[in-house]
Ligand SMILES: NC(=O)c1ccc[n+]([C@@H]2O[C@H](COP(=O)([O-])OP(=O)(O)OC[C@H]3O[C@@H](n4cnc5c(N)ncnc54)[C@H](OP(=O)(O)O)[C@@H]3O)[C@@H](O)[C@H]2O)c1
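The chain below stands alone and is given in C-alpha cells; this is the form predicted alone.
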C-alpha cells in the first residue's frame, strides 16, 4: 500500500509511520525542514518538504492509496488564524487530495470536539453518537478540530472515504507537552490533587492511536465511521503521581485542592493570559483541571468491536520511563 502521512515527526505521526514501514508499506511523509526530512529517511519514509496549509505542497504529493492526516496545532500560543490555517485548511486540503486520488483518508481528530464539559460525564457514557456541547470562543484547538471534521464530512458527501479517530489526551515517545511539563512541575516536589485521585484519567498512548489508524486503513467497514480511541489501560491520578515520583526518584508531596478553587484559579489565569496576549490562544486550563481531576467518559466499544482495537498499555511503567528520560536531559 502507498500511504501519504502528515505530521510524521509528531507524537502520533511517527509511530504511524513506523507501523506502516514495518509491514512493508511505501510511505511518503510531509515535513517542514531538513532535520525532519532526515528523520523520515531514517524511519524508511520518503520525505516531501512543505506544509499542510500550502496548496502547492499537496499538488506535489504522489499518488497514494491512503492519506493519514495527523498534523495539527495543539497548544501553540498563537492567533486563531494560524489554528484555522493548519487545523482546518490543512484538513480540507488533505481531504480533497485523498478524494482526488480515490484514497481512504484517516483523520486524527480529538475528543475536544465534544466540548470540555463532556469530561464531567459518567465513565463510559459518551459514544461517537453523543452530541457536541458548547465551545468557548478562546478554545482555538477544539474549535479548529470541530471545523476540521466538518471539512471531512463535506468531502465525504462528494465521494471521499474517510475515517475519523478521536483520541483523548495523548502521550508517548515524542511527547513535547504533557510529560515534559508535568515532570518540570513535579521536580519541585509538590503537586495538587483535585478530588479523590481514584478516577480513571482520559489518557491514551500514541502507539495505541497509531494502531487504530493502521487498523482503520485495513478495515473496509471503517469507511465514513468515527472511532473514539480512549481506553488502552487504566490510570488514576494517584497512579500517575506515583509514576512521576518513580521517574524522578523523589517523593512528591500531594496537596488537596478543592475542585471549585481549581476551576476558579484556572478561569482567572486564562483571563489574565487573554489580557496580556490579546488574540493569542490562552490554552484551556479548565480542561487541564478536568484532566488532572480524572474522569474518562469516552467509550472505545466501537473501535474494539469493528477495528479489533484492544491495546493494553502499562501506563505507569511508560510514564516512569518517559519522566526518567526528561529528568536526564533537564
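As the structure is a computational prediction, the values presented were derived from the model and not from experiment. Positions refer to the first chain, counted from 1.
Omitted from view is the form predicted together with the named molecule, to which the following refers.
Shown alone here, residue 61 lies farther than 4.5 Å from the named molecule in the predicted complex, counting heavy atoms only. Contact check for residue 101: every heavy atom lies farther than 4.5 Å from the named molecule in the predicted complex. Residue 52 belongs to the set of residues with a heavy atom inside 4.5 Å of the named molecule in the predicted complex. The closest non-hydrogen atom of residue 141 lies within 4.5 Å of the named molecule in the predicted complex. Taken together, 156, 163 and 217 are entirely out of contact with the named molecule in the predicted complex: none brings a heavy atom within 4.5 Å.
Segments offered: 168-176, 244-252, 185-193, 119-127. Contacting the named molecule in the predicted complex at heavy atom distances within 4.5 Å is 168-176. Residue-level contacts in the predicted complex: of 231, 237, 109, 207, one residue has a heavy atom within 4.5 Å of the named molecule, and it is 109. The contact residue chosen from 11, 307, 322, 313 relative to the named molecule in the predicted complex is 11, the criterion being a non-hydrogen atom within 4.5 angstroms. Shown without its partner, the chain has 50, 51, 52, 53, 70, 71, 72, 73, 74 in segment 49-74 as residues with a non-hydrogen atom within 4.5 angstroms of the named molecule in the predicted complex.
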